[in-house]
Structures are given as structure tokens and as C-alpha cells.
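A single chain comes next, written as C-alpha cells; it is the form predicted alone.
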């Protein structure tokens, strides 16, 4: 089976290497666009691909979808092909149509509306948000690639893994989207009460999200928090380096987050120290800042350090990450 995968254009070759390590018999066919590749699977089935990506800690593959048909681009061809798939769909489960295109000649919204109308008329539950099933369509000016899958098989239920969040008036920084995306992609159930530790908190974007969830927050950073957070009685700000704060910490935390601008290996070592104040089974979320070259070696070194005290739940270069990857982990039993 052919599969389309997406990745950050900067890490396209790294993502392809990850896929070819998972399926050594796979064949790379072509780049359809920047960060969008087409491969043909060899030994691994599509349904097994997402679990293998998780097991191998592949970090740079954001989204995958199967290619069941390759068609000349015409609306009638596409409508007929989608209609042929209707018996495959679970009518009790929600369904979404996701369309990506590399040409301005195609109006994605009109195309989606036409297909959605056909599906609704056939008695299917079409919903864009959190679908259980996905029709994936990728098109250029000559060709349509069409596939159907369960959302869990695609790594992300957003088209191409391109998560979008609405801007809020209270938003402090773009970095907030990284935390929101991690919660979504890794399906995290964060505590809604208790105490969280935000390492490298300034100016306070992640702290704001944690407070919005209902947590009290200890924010550690020599830099300032924005004014809107300074008067919050459930935020304690320690103007210290993380290395100064952790050795003297007496609190125990339900959650620890870390978005520090720091070498990935050093940041991982700080998280080992932080694990001593994380409650058993508590979650930790961090970003690993990556160099322009040798990224897999840097990630593997950081993971080797972290696995001494944590179980890694997932690692991914998210849509809202830039030159970094987000790691989610849980403290091991001590």
C-alpha cells in the first residue's frame, strides 16, 4: 500500500529515514510537496504503522494516511470514488473529509462541501472536530490521492497534522499552542487540581494554560512573568535558575513542564533532577531544542538520559514546534 506522510520541511529527510527504519522494505516514491512524501510500504501494514512509530520513538513523522486510489483530477471521479467507499464506513461513528492541495486551481472548501453533502445524504455522521474516521484527499493540478482510515491510525486527526487553535485575548505567547497541541496529540488527561512546576516559565504562557486547567503553579525563571499573572495568588514565582531551585525544593508536584531554551542533553539532566520532586506516576512535558544537524543523535542521547527516571509516553516534532521536539513522560516507580 502507498502512504502519504507529512513532516516539517526542515526535517523531511530525517522523517523519511525514520519510516525506512520501521519498514526496511518500503520504497520512497516522491516528494509531493515540501514536507509531504509518498512511500510504498513493504513489510508493515498501514494499521501497524502508527503503533510502530510510537514504539520506535520516531519523532518527525506528524501525520500519515493511506492511498487507496490515485485518480485524474475531476470532481465527478472523486465523488464516484468516495461513494464506492461508503459501505466501508461505520455509520455509528463520526467521519471527516480532510483535503490538502498544492494548487490554487482547486477550491478545497467547495470540494469538501460537495463531498460532505453526498455523505450526509447517504446517512453518515460528518463532523470536522475529533472524527473517528477520516477520508483523506491530497491533490495537485493533475492527480487525486484518496484513502480512508480510522483517525487513530493517522497519528493526528487534523489534516496533515496541522493543528490550529483560536487566539485568545489573554494569550501571552505563541508557545502556548505547543502545550495545547501536546495535550491534544498525546491525548493527555492532565490534572485539574493540585500543584504544577513550570521550569523556565517566563513570560508565562505555559503557566497561564496550567492555571486555566485549574492547577496552582510554581513558576521558576529569573525573567519576569507578565503582569496578568503576577497578581494571581495561586502562582508562586521563583526568580532563580532551575539548577538553583531544584536542589532546595521541598514541594511535590502533580505535573512538571519545561520549555527552556537549553541544550537538549542539559535540559534532560535537569528533568532527572526534577523527577525527584514529581509525584509517583506524575506527568512531565518538555521540549528538546535541536541543532540543525545530527538531530537524531541529540534526541537519542536525551531519551537515554530521561529513561533513567521516566517512562516515555511519546515524542514528536509538533506542528507548533520549530527547531525542537516535544516529549511527554511519566515518572517511574521509586
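For clarity, every value in this text was computed on a predicted model and none was experimentally measured. Numbering follows the first chain given and starts at 1.
This protein has a second form, the form predicted together with a small molecule, left out of what is shown; the following refers to that one.
For a residue to qualify, one of its non-hydrogen atoms must sit within 4.5 Å of the small molecule in the predicted complex; none of 265, 272 and 306 qualifies. The single contact residue among 102, 80, 243, 150, judged by any heavy atom lying within 4.5 Å of the small molecule in the predicted complex, is 243. Comment: the small molecule is not present in this chain, but in the predicted complex one of 143, 85, 173, 230 has a heavy atom within 4.5 Å of it, namely 173. Exactly one of the stretches 180-188, 233-241, 91-99, 118-126 approaches the small molecule in the predicted complex with heavy atoms within 4.5 Å, and it is 233-241. At the 4.5 Å threshold, heavy atoms of residue 203 reach the small molecule in the predicted complex. Under a 4.5 angstroms non-hydrogen atom cutoff, the small molecule in the predicted complex lacks residue 214 among its neighbouring residues.
The small molecule is not shown here, but in the predicted complex it comes within 4.5 Å of a heavy atom of residue 220. By the criterion of a heavy atom within 4.5 Å, residue 249 is excluded from the residues contacting the small molecule in the predicted complex.
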